[in-house]
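Okay, so here's just one chain, in structure tokens, the form predicted on its own.
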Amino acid sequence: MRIIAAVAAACSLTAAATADEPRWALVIHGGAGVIERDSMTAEAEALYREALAIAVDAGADILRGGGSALDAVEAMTRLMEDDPLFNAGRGAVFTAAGRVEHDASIMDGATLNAGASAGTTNVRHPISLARAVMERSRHVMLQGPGAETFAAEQGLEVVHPAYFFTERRWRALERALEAQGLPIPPRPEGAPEPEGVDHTWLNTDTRFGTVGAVAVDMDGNIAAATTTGGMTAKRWGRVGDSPIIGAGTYASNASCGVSATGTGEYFIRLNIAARICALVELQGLSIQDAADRVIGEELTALSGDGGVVAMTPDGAIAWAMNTSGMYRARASSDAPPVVAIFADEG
């Protein structure tokens, strides 16, 4: 497998910080996979770059105004959940049964509090549900109908499952099921009539495509969030790494924050997000070296694929992947926003 690690310019908050000028930083991703220049149209590339920039700007506004890292990561991931470009929220992929099932998690590095939800079908913003689980329940993870009941009780926005339908993802499901020799389920109730529009110009690797964010606020607190629709044509109630604290999401003021994207089964086996933070805290590795080791060496050795965005509480930012691309962006009080898609971009 081709191994690629894109090294982000580290942004040290402490190096430039002064007593009267607090610092902040953030980094996001919109999924990793087979994302190559020669297979992406200029129109699709422009749409993804714009969407990433919008999310980064929203997070930067919160942090610049003194808002919390938790508020920033939730706001950025909510925007990506509402954007059909990404495999999260409204753009989520379909299961083999023709359903959209969301997973999400969030973690507060200051307290190590965490919340997650899995397999929900009608909650508009799964990341807000994960935060509600963290802050308004005594649990860490809720799943399925129980999680949906909790969401309604907490006043979160609940929608008809047809709200999440997109023609692009439905056609991806049809192709995946045909390739596996599996039956194509009936078109979901409430879905619009089939469109005669060619969506192939937007096609990328549809096996995975999680979104997530990590942020450090002016108080030096770190938070991370991850949300996804999982894998196209997944079966048997499959749950990946995104709602699993330590695998897809981790944050601790003592080490780092990480949000992961890729084939979740491998991220669960390696406990990737927490593993990266442990290398920083216990072995003294830089955040980039830790991310490169876990993604470029350990994940690759298991034949797993994907990537991470990560950050330390002092604002050093890293991203790493062993795929040909990952939608991603970063910004800080010390540097202008950077948006990247392909593995060889800064």
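If you're wondering where the values come from, they're calculated on a predicted model, not measured in any experiment. The first residue of the shown sequence is 1; numbering continues from there.
If you look for the form predicted together with aspartic acid, you will not find it shown, but the lines that follow are about it.
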property	result
Non-hydrogen atom within 4.5 Å of aspartic acid in the predicted complex for each of E74, S105 and P126	no
Contact of A233 with aspartic acid in the predicted complex (heavy atom, 4.5 Å)	no
Any non-hydrogen atom of S242 within 4.5 angstroms of aspartic acid in the predicted complex	yes
Interface membership of T261, aspartic acid in the predicted complex, 4.5 Å heavy atom rule	yes
Interface membership of T249, aspartic acid in the predicted complex, 4.5 Å heavy atom rule	no
Of R238, R175, R269, R168, the one that lies within 4.5 Å of aspartic acid in the predicted complex (heavy atoms)	R238
Candidate stretches 225 to 233, 147 to 155, 160 to 168, 185 to 193, one within 4.5 Å of aspartic acid in the predicted complex by heavy atom	225 to 233
